[in-house]
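First comes one chain, alone, set out as structure tokens in the form predicted alone.
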Amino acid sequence: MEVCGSSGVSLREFGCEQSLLSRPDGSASFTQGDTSVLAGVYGPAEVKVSKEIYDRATLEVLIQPKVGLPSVRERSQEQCVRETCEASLLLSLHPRSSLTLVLQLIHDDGSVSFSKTLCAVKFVVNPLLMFLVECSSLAVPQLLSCFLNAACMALMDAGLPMSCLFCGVTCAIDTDGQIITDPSAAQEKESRALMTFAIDSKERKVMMSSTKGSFSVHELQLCIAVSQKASEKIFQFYRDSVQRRYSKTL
């Protein structure tokens, strides 16, 4: 188990362990604060004719809650994770095949709050933004970032070709206008806005955005800049974790 503490940018302790499961082609367990997610990747494998795409692989993302059946919230999270993974994976190298990513929530820190209000945000064209997938507020921010990080580590463990890595960073804006990275459950409840960004490892561009609450365009740009800075620590953790794992193997 590799563990990274917080220094510089305020990030809570997180950890990762790969190749936990024997049946999937790749697996990883990612812990972020008090939230823990287990991810498994299956494929490339044979795809159903109804889902076959002639020039690339078909990616399916399944999110399982801790108890009960998946709901609308899980479907919203699946869309965010799936479109982020599709932007990163080189799916054209495996045409007419299927990839399945299963994310199982092991434990959450109690910050999962279901919102019935869908918030649509209009983004100004900015060279910092590569492309944005706009998700509803049903995708719980802090939990979504942990799903993204677990998915990336599992895809790496499976050895699938990727154009870049990605990570999830959550920011909160409190009532005083202060930006908090990787907020706790109490900080999320007291904040007036929550944002989760998927950042790519090559140019630190935004691949996906999920927002909740009210904020200005200036505050959005500040949160993007803070998330890009925070992503450097997460990508460094990725590198250290994989390097230590394979150095032991060799």
Partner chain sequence: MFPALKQRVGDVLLPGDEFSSEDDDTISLTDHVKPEKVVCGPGLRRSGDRLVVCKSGVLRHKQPNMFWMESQQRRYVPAKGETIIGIVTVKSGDIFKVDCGGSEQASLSYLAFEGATKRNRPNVQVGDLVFAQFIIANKDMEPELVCMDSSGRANGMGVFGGGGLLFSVSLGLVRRLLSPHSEVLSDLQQLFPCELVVGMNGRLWVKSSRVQQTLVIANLLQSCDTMTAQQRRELFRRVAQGAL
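Quantities reported herein were computed from a predicted structural model and do not represent experimental measurements. Residue numbers count along the first chain shown, from 1.
Just so it is clear, the following notes concern the form predicted in complex with its partner chain, a form of the same protein that is not shown.
Can residue 165 be called a contact residue for its partner chain in the model of the complex at 4.5 Å between heavy atoms?
Because a heavy atom of residue 165 falls inside 4.5 Å of its partner chain in the model of the complex, the answer is yes.
Any non-hydrogen atom of residue 33 within 4.5 angstroms of its partner chain in the model of the complex
No.
Please check if residue 181 has a heavy atom lying within 4.5 Å of any heavy atom of its partner chain in the model of the complex.
Answer no; every heavy atom of residue 181 is more than 4.5 Å from its partner chain in the model of the complex.
Using a 4.5 Å heavy atom cut-off, state whether residue 161 contacts its partner chain in the model of the complex.
Answer yes; at least one heavy atom of residue 161 falls within 4.5 Å of its partner chain in the model of the complex.
Please identify, from 57-65, 43-51, 189-197, 209-217, the stretch that has a heavy atom within 4.5 Å of its partner chain in the model of the complex.
One stretch meets the cut-off, namely 43-51.
Would you mind checking 76-99 for residues with a heavy atom within 4.5 Å of its partner chain in the model of the complex?
Heavy-atom contacts to its partner chain in the model of the complex: 90, 92, 93, 94, 95, 96, 97.
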